[in-house]
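Consider the single chain below, provided in structure tokens and representing the form predicted on its own.
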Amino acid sequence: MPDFWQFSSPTKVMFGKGLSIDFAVELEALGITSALLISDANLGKSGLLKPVADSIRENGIKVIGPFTDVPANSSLSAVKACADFAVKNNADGIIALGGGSVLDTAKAANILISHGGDLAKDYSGAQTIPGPLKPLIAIPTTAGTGSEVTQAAVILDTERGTKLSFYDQYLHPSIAILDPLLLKDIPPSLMAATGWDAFTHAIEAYTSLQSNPFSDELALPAVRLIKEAFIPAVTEPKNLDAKGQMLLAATLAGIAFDQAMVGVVHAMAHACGGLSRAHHGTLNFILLPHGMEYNMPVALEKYATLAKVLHVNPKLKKKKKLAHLSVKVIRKWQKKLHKVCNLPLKLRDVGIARDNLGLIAKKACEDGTSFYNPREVEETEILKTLERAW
């Protein structure tokens, strides 16, 4: 346990089936009179946005938008366009409904809406925002990123091919609305990829250099929930109970890594994502066991505990054996999910060129998440890890 640690989770979390069209009273309490609704084009076409907007209007609150020009890996230009649209229409609050890219776009745009300036030049990094932001309600439509409860946002700088991290206490959403009904029609491959993102958050938060007793007690229950619900949520599309459990797990893991941060798996995934535009959850799916093997020399005890949570042969006593078995069971899950929904198992399958592995290793070592990894992130060793994942 570290000599010093602190814990804070200011976001109000609300859970319930149908809650996404029954929360307008919360907007009134936050003083919102004109709400910008942010989503993406696919959700705009799906019909999910209309009942949300209608419910808000019925309570006397103006709805601006929706703004749906949000790409899969949100960019600086998308954030600026969103912020400009909000300022032009005098929005005094934000409702973000979507996956991680939508939520991160809303959080980053909120910086510009509230304080102006240049996102990359003025705010990239940690604790750079000068004061509070507009109220933000985050409504996830995937069970993965945990962005609905974190002080982090990741935005792509397309010119540099680099994902920029923004980490600040003011980025915490005001309220997170968890509605399992929003996951009713999620494709199995997306359910799997985003669920794996939550799984990676929980594992990396648990083993982070900055982990503490509170974050551990959130990360391990998240793993337990995922262990029970993950496969049913992917393979049984109508199983809303399993999908609801995955929503809860993603939020628990989000709060855990909001406190403890993540590590080498995310460092490599961010570096890969900046060059390939591959889905972040898919990259974590490929890289997680490789990152765990990289950290194995320094994380034996925690991986042994993780194995017990995953119920890997509880008769085993030796930590080393248990720790290695935790990776084996994760690889077994990988193979099953690959078979069920064709998630790729290698970096080459998502468009990563072998010639770029050296650059990716360099960028991974420069990524802010690498500083919290339990083992020092060394470029030559990361390159070897990436080659094994390729």
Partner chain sequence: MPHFKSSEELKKILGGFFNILVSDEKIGTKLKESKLIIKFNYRHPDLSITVNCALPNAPITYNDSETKPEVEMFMDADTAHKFWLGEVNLVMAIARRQMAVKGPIPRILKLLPVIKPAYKMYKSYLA
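Residue numbers count along the first chain shown, from 1. Owing to the predicted nature of the structure, the values given are computational and were not obtained by experimental measurement.
One more form of this protein, predicted together with its partner chain, exists but is not displayed; see below.
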Practice item. Work out which of S75, N89, Q210, N239 lies within 4.5 Å of its partner chain in the model of the complex, going by heavy atoms. Key: Q210
Revision key, fill the gap. Assert contact residue (its partner chain, in the model of the complex, non-hydrogen atom within 4.5 Å, options A53, L337, C365, I61) equals C365
Review point. Any chance G125 has a heavy atom within 4.5 Å of its partner chain in the model of the complex?
Key: yes
Check your understanding: Do K121 and its partner chain share at least one heavy atom pair within 4.5 Å in the model of the complex?
Key -> yes
Exercise for review: Examine F15 and determine whether its closest non-hydrogen atom to its partner chain in the model of the complex is within 4.5 angstroms.
Suggested key: no
Point to revise | Partner proximity in the model of the complex: F23 to its partner chain, non-hydrogen atom cutoff 4.5 Å | key: no
Review point. So which stretch, 195-203, 67-75, 80-88, 164-172, is the one near its partner chain in the model of the complex (non-hydrogen atoms, 4.5 Å)?
Key: 164-172
Review point. Since the partner is left out here, which residues of 369-390 would have a heavy atom within 4.5 Å of its partner chain in the model of the complex?
Key: F371, Y372
